[in-house]
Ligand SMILES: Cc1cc2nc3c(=O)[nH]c(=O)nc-3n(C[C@H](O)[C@H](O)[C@H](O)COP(=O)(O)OP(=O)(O)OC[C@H]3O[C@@H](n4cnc5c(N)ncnc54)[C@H](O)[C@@H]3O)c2cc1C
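Below you'll find only one chain, the form predicted on its own, shown as structure tokens.
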């Protein structure tokens, strides 16, 4: 028909509101992708920035300081938000499968759903431990724990056991000790146990030495080579050695894949994380992307499951989604070989490591706070 133009609208579906996808939405608010309708699928419309969670545990931040309103970001990007649990992707039918909702069709899709915590299937762990993921649940549970302690006038002692020898376990032990010691007048015991030979394996040995020195000064007990086999009410059990009694058991033992990819017809590594190319495209499909902790880069399979990589992948993912839409060449993401590590000790100081050097002090905490607040300001600002 003369004078009539017909344009096909294609569907871009973003599954998850992680550190990479919030950057995609920020970019789309400034410059939409022509010819694409965007849908964001999240199980909760509020995302929590993991970098500030230790500060929240220590009482340094309020809840709103670490929250990103994904739905508000999507609104500014002209995207639709579907609040539902995405259970899998059917790549053959080009559908994102949802629990209790009709499947969502897509032409291009991206997944940024993070990870869960390993070891939850050990006897008693789901029942008696507080896992650090989902992060949104963790912050609410910490609030409940602190409130309960504040209201318990007859309790004269409290025992915390933190399981995990990585950055998350270290920060949780120190920040939770700081917070509870400010709220609770009784005797407080904090024990950090892990299965490794030393803390923070893969990081400079000097960082572990600094952690041990601060732990000794603050009375935090650290035990290595303690592999958990299960938990009962009030006690955690190990392969060797006596059980340890607890009033709160915090579970921070490393990343595990969500069932999402096990239930999808997509290639995964031995741990269940979806496999991607350096373009962040899933190996089996040029129209599917994945970023952050949920994915393993085939070219760099040993990349740690750390939020810093999801943050760095955000701009690459954004440009590559635009490239696929436009039919132009994609760029490659190469993870940095060394990144700045900053560990919040909860008392106004922090430890750091970069280029195999380590450092500490109030200035390190100032630097961490500045980096985190600048990141959050980009997504909490009411403008685009």
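This structure is a prediction, so every number in the text was calculated from the model and none was measured. Positions refer to the first chain, counted from 1.
There is also a form predicted in complex with this ligand; it is not shown, and the following applies to it.
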In contact with this ligand in the predicted complex (heavy atoms, 4.5 Å), from 148 to 156, 215 to 223, 230 to 238, 126 to 134, is stretch 126 to 134
Interface check vs this ligand in the predicted complex: of 60, 358, 27, 50, the one with a heavy atom inside 4.5 Å is 50
Item to complete: Spell it out for me: taking this ligand in the predicted complex, does every residue among 38, 108 and 330 have a heavy atom no farther than 4.5 Å from it?
Response: no
Worksheet item: Going by a heavy atom distance of 4.5 Å, is residue 120 a contact of this ligand in the predicted complex?
Response: no
Residue 112: touches this ligand in the predicted complex, heavy atom cutoff 4.5 angstroms: yes
*Even though this ligand is not shown here, does residue 69 get within 4.5 Å of it in the predicted complex, heavy atoms only?*
no
query: Is there any non-hydrogen atom of residue 292 lying within 4.5 Å of this ligand in the predicted complex?
result: yes
Near this ligand in the predicted complex, with a heavy atom at 4.5 Å or closer, the residues from 24 to 45 are 41, 42, 43, 44
